[in-house]
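The chain below stands alone and is given in structure tokens; this is the form predicted alone.
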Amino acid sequence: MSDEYILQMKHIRKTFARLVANDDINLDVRKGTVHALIGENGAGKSTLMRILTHIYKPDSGEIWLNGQKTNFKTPLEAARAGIGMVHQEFMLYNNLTVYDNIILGFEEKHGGIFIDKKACRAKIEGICEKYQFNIPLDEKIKELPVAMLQQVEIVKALYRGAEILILDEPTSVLTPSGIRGLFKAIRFLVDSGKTIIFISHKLGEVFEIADTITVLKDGKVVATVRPDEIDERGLASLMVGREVILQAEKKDHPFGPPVLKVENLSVRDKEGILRVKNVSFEVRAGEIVGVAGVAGSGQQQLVEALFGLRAPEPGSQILFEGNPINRATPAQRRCMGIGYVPQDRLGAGVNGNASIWENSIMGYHIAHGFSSKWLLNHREIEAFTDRIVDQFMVKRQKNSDKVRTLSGGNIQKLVVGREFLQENKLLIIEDPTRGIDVGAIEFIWSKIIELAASGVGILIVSHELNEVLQLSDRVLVIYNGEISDGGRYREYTEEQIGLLMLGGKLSDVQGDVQNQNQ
């Protein structure tokens, strides 16, 4: 064993029935570096890391840590040995507070018996201050938006003092400023001697933060390179097996009348705090309207009100094809032709313990039904499920498998495919490409543009500012519950929209544009 490697995984093999998730994988990670692990959805990245953290047991192979062969019995043993993981799908207890989730199993104690709550809190607050995380320690997990749950997971891992910290798609719901804060934390940790394994589909981030990059495809290692040995196009080609150009190809087409019209919309959150403030806008047939904003600016409450998950304030008006729908339920809105891709795919998009085919028809059975009014027609169900699986490249063994057996990216593709194939008139989409690979992003972007060209009105709320700017015919910026005009397609740059996201004025942005044009 080489002394320079803090971790060596040798000849790792893992199968799930007929599916070979990891096929003779060798991975060498140097101490005090950022080692990126990339690959398509279902390539075996998360499985490999779950083997490292002893969530899964490999069929064969060895793991060496600091030159010693490991023999962990439980994930807790792996954690106590200095291996921490921030999972793509959060490992948090909804009914416990943020504070309790962070300290669970790693409590500071008086005399080895009593929990020292003050010491625990001081340690957490110190981490939050150092790495610029702002999380409410006394709130219950179930009350927090997805973007904040990601921060909780990162702080939890930092609190546990891992020597090897595995970050599985850690920036998927972070804003640009949040990503900068995370990268600052990563660099601080590496400078302190920690080792980071960074799993991501965002190749620009990989090049920015990684010292070494390992590419997986179909459960095998296809390359291990340094960032200076390859470019983004080359990496994408290794991942997908073909050249990928991640650029939306939009063509001009006429828009129809408004399918969605929002007038003076105000919405409160669960605590009664006004999160959306007197907002008005419209989405026309065939138009893609993007909403950009820093996490917590009111996007969640806005979307919930539009789909009938939260009641708006008196005086608010939501019109669909000219008809008021304030009191319509989500099921009724589905029957009208409104589709919804939620940000929280596991909490709101699927039932993890239900089968792939059951999740495929969720909502579809309400809006469209089957040939038999009283009995499920399994031939039709299988046909619709297969359409989703085939068209959206969902990697699975069989339709009867539970959804939780899929990778996070494949769950995302299942949810997106289910909503995109239902002939809706309006699609409300949150983070459509969260946690999916570059090839799938390219495909989903093309599908969104294709749907709009066919006359579907689309509202996209995304934490990926580049995604909003690439796809949107018009951009809206939400800040502190209020919406401002972010211009037409490519009218403003990412930096200029970023200024609006932080509360800057449109006149300031227009001034910047005029100065650049002079």
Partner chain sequence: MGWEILKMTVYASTLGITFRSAVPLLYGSLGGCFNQTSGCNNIAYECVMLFGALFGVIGSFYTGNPWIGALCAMGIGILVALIFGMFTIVFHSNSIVVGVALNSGAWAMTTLLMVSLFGSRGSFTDPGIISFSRLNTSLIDKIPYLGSVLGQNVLPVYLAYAMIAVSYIVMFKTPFGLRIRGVGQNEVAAETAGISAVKYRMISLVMMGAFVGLSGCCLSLGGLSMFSENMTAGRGFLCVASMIVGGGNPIKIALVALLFAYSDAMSQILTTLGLNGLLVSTIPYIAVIVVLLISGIKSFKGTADLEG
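Residue numbers count along the first chain shown, from 1. This is a predicted model, so every value here is computed, not measured.
This next part talks about the form predicted together with the partner chain, which is not shown.
**Student:** Contact with the partner chain in the model of the complex for residue 233, defined as at least one heavy atom pair within 4.5 Å: yes or no?
**Tutor:** No, residue 233 stays farther than 4.5 Å from the partner chain in the model of the complex.
**Student:** Does at least one non-hydrogen atom of residue 194 fall within 4.5 angstroms of the partner chain in the model of the complex?
**Tutor:** Flag for residue 194 set to no.
**Student:** Residue 93 versus the partner chain, in the model of the complex: is there a non-hydrogen atom within 4.5 Å?
**Tutor:** It does: once the partner chain is placed as it appears in the model of the complex, residue 93 has a heavy atom within 4.5 Å of it.
**Student:** Going by a heavy atom distance of 4.5 Å, is residue 168 a contact of the partner chain in the model of the complex?
**Tutor:** Outside the cut-off, so no.
**Student:** Would you point out which of 221-229, 121-129, 298-306, 179-187 contains residues with a non-hydrogen atom within 4.5 Å of the partner chain in the model of the complex?
**Tutor:** Only one stretch qualifies here: 298-306.
**Student:** Which one, 100, 263, 442, 321, lies within 4.5 Å of the partner chain in the model of the complex by heavy atoms?
**Tutor:** Comparing distances to the partner chain in the model of the complex, the residue within 4.5 Å is 100.
**Student:** Which of these residues, 160, 217, 202, 250, gets a heavy atom within 4.5 Å of the partner chain in the model of the complex?
**Tutor:** Residue within 4.5 Å of the partner: 160.
**Student:** Looking in the model of the complex, is the partner chain within 4.5 angstroms of a heavy atom from every one of 24, 135 and 137?
**Tutor:** Spot residues vs the partner chain: no contact at all.
**Student:** Counting only heavy atoms, which residues in 248-284 are within 4.5 Å of the partner chain in the model of the complex?
**Tutor:** Read in sequence order, the lone residue that approaches the partner chain (within 4.5 Å, in the model of the complex) is 270.
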